[in-house]
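Take a look at this one chain, the form predicted alone, written out in structure tokens.
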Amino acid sequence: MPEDDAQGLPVLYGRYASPFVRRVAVTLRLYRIDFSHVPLMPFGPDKAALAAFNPIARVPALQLGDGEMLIDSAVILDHLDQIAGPQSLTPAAGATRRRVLTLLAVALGANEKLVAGLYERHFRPRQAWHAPWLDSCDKQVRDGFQWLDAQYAGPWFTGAAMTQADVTVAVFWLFGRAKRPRFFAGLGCAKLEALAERLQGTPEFQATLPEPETLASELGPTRRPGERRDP
């Protein structure tokens, strides 16, 4: 394969439980790029290890065969697209590229607001939750995914060929559905649900299934006994 294989396997840092890590891992497999996987978490004892090569200790990070370290899923995917060339999941130019990037921007924004709401609920006890902030996050999540559902005409977002928009939206939808099942069931996004289920059955998605949830145990209890986490 391309340059990275000639120099040694790239190493992907981060757990597949992170949707940002998982979309990179799925893309690596779709591009048939072999890689090693180090499932670090940006919490607890792993945080110091991440900070050694990423000053903000976030995942994913991808170490290339020559030792160069890439951080942030968008940066990593841009590099992988260059390696893939004509087979890139992100079109190289033109209206289709702009369309895919717009879909990705909405998906990323909705997922970031989902994560922000999850962190509010994980890090703070229920009595300290800021309801207006959570309501605002929920609205952006709802509006984002419902807009994406309306944009999906099939068989893929932009027509006959799968793009990074399909991969990323499916990964983010599956993440959100697992974290807040009742909320996502109420969104009414039947087309996104079908897309996610179709891709979840592929070898690339099956090989990157999220690890068991460990966030709560890593952070320690943040709720009073008997309190239930919002779905």
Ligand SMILES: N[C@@H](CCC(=O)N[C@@H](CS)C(=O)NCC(=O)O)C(=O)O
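Quantities reported herein were computed from a predicted structural model and do not represent experimental measurements. Counting begins at 1, following the sequence as shown.
Same protein, other form: the form predicted in complex with this ligand, not shown, and the subject of what follows.
Per the 4.5 Å heavy atom criterion, this ligand in the predicted bound form is contacted by stretch 58-66, the sole one of 160-168, 198-206, 184-192, 58-66.
The partner is absent here; in the predicted bound form, the one residue of 81, 72, 149, 120 having a heavy atom within 4.5 Å of this ligand is 72. Within this chain, residue 32 is remote from the site of this ligand in the predicted bound form, having no heavy atom within 4.5 Å. Heavy atoms of residue 19 reach within 4.5 Å of this ligand in the predicted bound form, making it an interface residue. Contact annotation: residue 112 falls within 4.5 Å of this ligand in the predicted bound form, judged by heavy atom distances. Although the partner is absent from this view, residue 53 stays clear of this ligand in the predicted bound form, with no non-hydrogen atom inside 4.5 angstroms.
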